[in-house]
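Here we start with a single chain on its own, the form predicted alone, put down as structure tokens.
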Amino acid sequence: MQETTKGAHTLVDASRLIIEGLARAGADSFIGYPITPANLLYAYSSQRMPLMLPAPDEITTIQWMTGLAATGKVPVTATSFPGFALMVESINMAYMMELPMVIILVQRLGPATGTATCGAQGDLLLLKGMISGGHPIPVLCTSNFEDSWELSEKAVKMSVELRTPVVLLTSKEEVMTHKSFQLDKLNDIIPVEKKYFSCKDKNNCIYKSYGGDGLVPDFLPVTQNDCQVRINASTHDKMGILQHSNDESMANTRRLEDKNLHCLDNYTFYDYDEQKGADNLIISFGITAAAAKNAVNKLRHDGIKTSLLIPKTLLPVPKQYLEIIEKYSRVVMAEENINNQFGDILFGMNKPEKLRFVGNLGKMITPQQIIQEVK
């Protein structure tokens, strides 16, 4: 991405910002199989990433990414639901092997192949339950161009520091819409620091691929020659040796969940525009957050005090969201589906009476729809 004159505006889309942000943060390879509406991410990666490999299908995509991650690279891919569905088993493998990677999921209308050129926000419940055993996988969600840049950096950092796949959730309208944007408003991105296990005795090196004192094991690429590295997608002990269900292997499996939950505060991102004295709270994420912002501005102009919460860390769910919701007597949640998926994740079947839902199928939500539900 070319530098521009200070204060100048450039015609750009979120796809380019995401790929550039990932690359500057330390992602160094892209593996992909083209699919609408993620094609621009695929195209820009071929221009920007040090290594770009076109895969023959989505299953192969994650398998190749797993191999690259084991060598110390931070691979990226981009897809939509039909491709993501094929990736789920291999993402589970990478999750169990504790290998860093970033999967950009561009939402479009489903079910199945749905409508490739129609946007949606319908994949959140899939992400909530995609890891066998119900273990949480980190999911960040962009809501504007600044997020496309900043959350890309956060996704790379999280994947490396937690040794886990991370999903960067977006939608068709976000990644395919061009608009005039001032690039020098974006923050500088600091490349992630990769820390490797250091063996004190090179002649007698013993490395536990899933050991160590903390929640996240020290990493060592398979390409070095000092220590043996075992990477295992089945139930294993700290050495990475296949086990059935002994205490050490079960503790290792529990740790996969613990590391994402216990480190959540370090990776909790959201915008909270609180208006003092407000009884109303609007919650929205992704592309619908723009309509929510417009609705809040109009409601305030009309003298109706309203606060706004835009979650950006969607999974695991940060406790801060429920703490904020508790303050309000009326909560309106807007998301581009017809079954209030984020509401289900927050409250399950026991949704509070104060919660109201605004949804759409096949078209974007308007500010007026949100305003009407608040009033």
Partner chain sequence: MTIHTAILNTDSLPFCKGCGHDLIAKNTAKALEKMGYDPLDVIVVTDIGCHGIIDKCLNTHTVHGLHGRSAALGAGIAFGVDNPNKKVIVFIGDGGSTIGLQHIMEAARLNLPMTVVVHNNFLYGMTGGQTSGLTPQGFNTTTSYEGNPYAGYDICALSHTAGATLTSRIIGIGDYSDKLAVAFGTKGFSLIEVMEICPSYGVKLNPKRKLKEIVEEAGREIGEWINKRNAFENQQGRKTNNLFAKVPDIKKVFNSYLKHPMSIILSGSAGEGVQLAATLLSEASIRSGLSVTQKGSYPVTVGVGFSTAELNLSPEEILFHGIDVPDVVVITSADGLAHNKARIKNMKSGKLFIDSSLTVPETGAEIIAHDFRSIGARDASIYGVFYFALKSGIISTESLFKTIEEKGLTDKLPMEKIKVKLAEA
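These numbers come from a predicted model, not from an experiment. Residue numbers count along the first chain shown, from 1.
Just so it is clear, the following notes concern the form predicted in complex with the partner chain, a form of the same protein that is not shown.
- Using a 4.5 angstroms threshold between heavy atoms, T66 counts as touching the partner chain in the model of the complex.
- At least one heavy atom of S46 is located within 4.5 Å of the partner chain in the model of the complex.
- When contacts are judged by a 4.5 Å heavy atom cut-off, E89 counts as touching the partner chain in the model of the complex.
- For K305, no non-hydrogen atom is located within 4.5 Å of the partner chain in the model of the complex, even though that partner is not displayed.
- For the partner chain in the model of the complex, the listed stretch (253-261, 104-112, 216-224, 273-281) containing residues with heavy atoms inside 4.5 Å is 216-224.
- This chain is drawn without the partner chain; in the model of the complex, the residue among H301, K202, H244, K195 with a heavy atom within 4.5 Å of it is K202.
- Residues I287, A290, A291, K293, N294 of 269-295 are found to place at least one heavy atom within 4.5 Å of the partner chain in the model of the complex.
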